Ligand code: AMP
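Shown below, as structure tokens, is a lone chain in the form predicted alone; questions about how it binds or moves come after it.
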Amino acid sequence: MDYLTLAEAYEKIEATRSRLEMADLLVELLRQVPVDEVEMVILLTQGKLAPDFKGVEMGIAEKLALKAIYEATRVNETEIQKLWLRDGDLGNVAFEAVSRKKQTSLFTEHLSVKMVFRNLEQIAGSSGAGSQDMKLKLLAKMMHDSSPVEAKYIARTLAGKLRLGIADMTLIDALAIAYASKEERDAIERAYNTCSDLARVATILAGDGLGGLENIKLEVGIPLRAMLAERLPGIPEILEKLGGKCAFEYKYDGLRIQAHIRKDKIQLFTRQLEDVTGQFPDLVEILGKSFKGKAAVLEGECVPVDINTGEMLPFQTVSKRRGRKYELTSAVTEYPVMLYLFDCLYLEGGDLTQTPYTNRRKMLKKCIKETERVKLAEVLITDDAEEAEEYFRKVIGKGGEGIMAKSLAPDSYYRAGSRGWNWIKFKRDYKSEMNDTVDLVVVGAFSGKGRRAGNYGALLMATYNPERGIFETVTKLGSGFDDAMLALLPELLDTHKTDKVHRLVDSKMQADYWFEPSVVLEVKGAEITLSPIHTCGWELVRKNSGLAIRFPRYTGKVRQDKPAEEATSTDEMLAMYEMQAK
């Protein structure tokens, strides 16, 4: 398949905000793709070279990419730098430079999807002496052989910012229509939730049809997508929803970990499927000593602790262990952690996700020997609301986030990648009418004044509407930031800066700066109100009004464990508003 065909399809997709139109354009594209290239096309469309859990990074600096664009086009380097400074989009720089390209060779090579993908793989996999020169030559050659639109998407892929706004669920919609039917979409999503590799699912679907997906099973070493919880405002409502009796688990404020254990190897994955095994060698060691078996997939929370007092520390402490390549030994000593396990998804060759919660908890207890640093999550099983309320107060008093209510029903299965009523979280703040914190996406910012002059003064925050595939504004956030966090904001946000409002952002406000929806922050507010200027749940409650958070405050937590599409949804905000109104 010609890479130009793929790039032109991306241009059409980028021009629309409609999830349905995106899906239709993807279907049109997929029907042109040879079966042996489906994997590459899906990965490229996700802006990747491999599924997230394999940790493949492009490994090319912006400076090197700009140099390659110059080598390929011979457009004045000062002009290339001006293009780069204008909006910080390598794709736009490559497009304009190639459009102005001065002929450097009579010979150009036709670009295919396979050629581009293999070259990108070679760039990503190259390291050591001479690797930078090799990367420069490969990239410059591709840019030289590219049309402007091809250069645009090659450069964006290298930068890790394709900017198409295609969510995985939209790709699943398209796969169902292209290779099966709309009615069979759920089976495709289940396969994806099990193996966390949409390219693999698509390849099997294109080659073997829906029946081939039956061969996708839970495997040790391949993470499944995490199950998510719903919310309710009170324990009586939770008990009623879960049939009058349920398990209330201590909700720890830590890093959610999925541990894949084999006799000779332990791997640790986050809820974003990032392999963090190398960052937690101490956790690998203590878990290996605690596990009584040959193979398992377990879930738990990695929680920082004060080894002198035994007290749990805030989530931000464990985040200091993230991404460390150097000084790891000192980090292990300085920021020790405990693992509180709460689920067993696989044990000794058996997939337990389709068994009830009580059975999974029994298997977890059977395979783990508790130690000082590996324990089972505390749990209370009760049908008594007062007893549950007392347990909740105990959890809060010990520094927990709240409690997680879990169904005891025969169908209380682990539904990978899904948000459902088998799990309900409860994190009530008694001092506020707004019943819970929310995780919001930064989509814009406003220039600072006074002490914040020269920095971002406030952020425009949004919820995610999965039905529309759009981020909807819900509040303007300026409180809760200390000086250190204010100084960190440019580093956190500037790589996502765009020259205008992102096409997947629905905003009636005009910000001074706009960002690609990516960074997620935890926010607490006083209450949820109706607003004529915010678009969250627009006209779902009242004509010409959306939902807004009054007196929002940043809690101090950057949700590095959450992609933007897993931020608080518009439906969740609406449910919180309705419960608050009651």
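Quick caveat: nothing in here was measured; it's all calculated off a predicted structure. The first residue of the shown sequence is 1; numbering continues from there.
Unshown form predicted in complex with the named molecule; subsequent notes refer to it.
> How about Arg17: is it within 4.5 Å of the named molecule in the predicted complex, going by heavy atoms?
Flag for Arg17 set to no.
> Is Val305 a contact residue for the named molecule in the predicted complex, using a 4.5 Å heavy atom cut-off?
Val305: no contact with the named molecule in the predicted complex.
> Taking the shortest heavy atom distance, is Lys425 within 4.5 Å of the named molecule in the predicted complex?
Yes, contact at 4.5 Å.
> So, in the predicted complex, is Arg559 in contact with the named molecule at a 4.5 angstroms heavy atom limit?
Residue-level check for Arg559: yes, a contact with the named molecule.
> Quick check on this chain: which one of Lys406, Lys135, His502, Lys101 has a heavy atom within 4.5 Å of the named molecule in the predicted complex?
Checked against the cut-off, the match is Lys406.
> Quick check on this chain: which one of Asp282, Glu301, Glu472, Asp197 has a heavy atom within 4.5 Å of the named molecule in the predicted complex?
Contact check passes for Glu301.
> Out of 250-258, 112-120, 449-457, 464-472, where are the residues with a heavy atom within 4.5 Å of the named molecule in the predicted complex?
Result of the contact check: 250-258.
> Between 376-391 and the named molecule in the predicted complex, list the residues on our side with a heavy atom within 4.5 Å.
Residue within 4.5 Å: Ala377 only.
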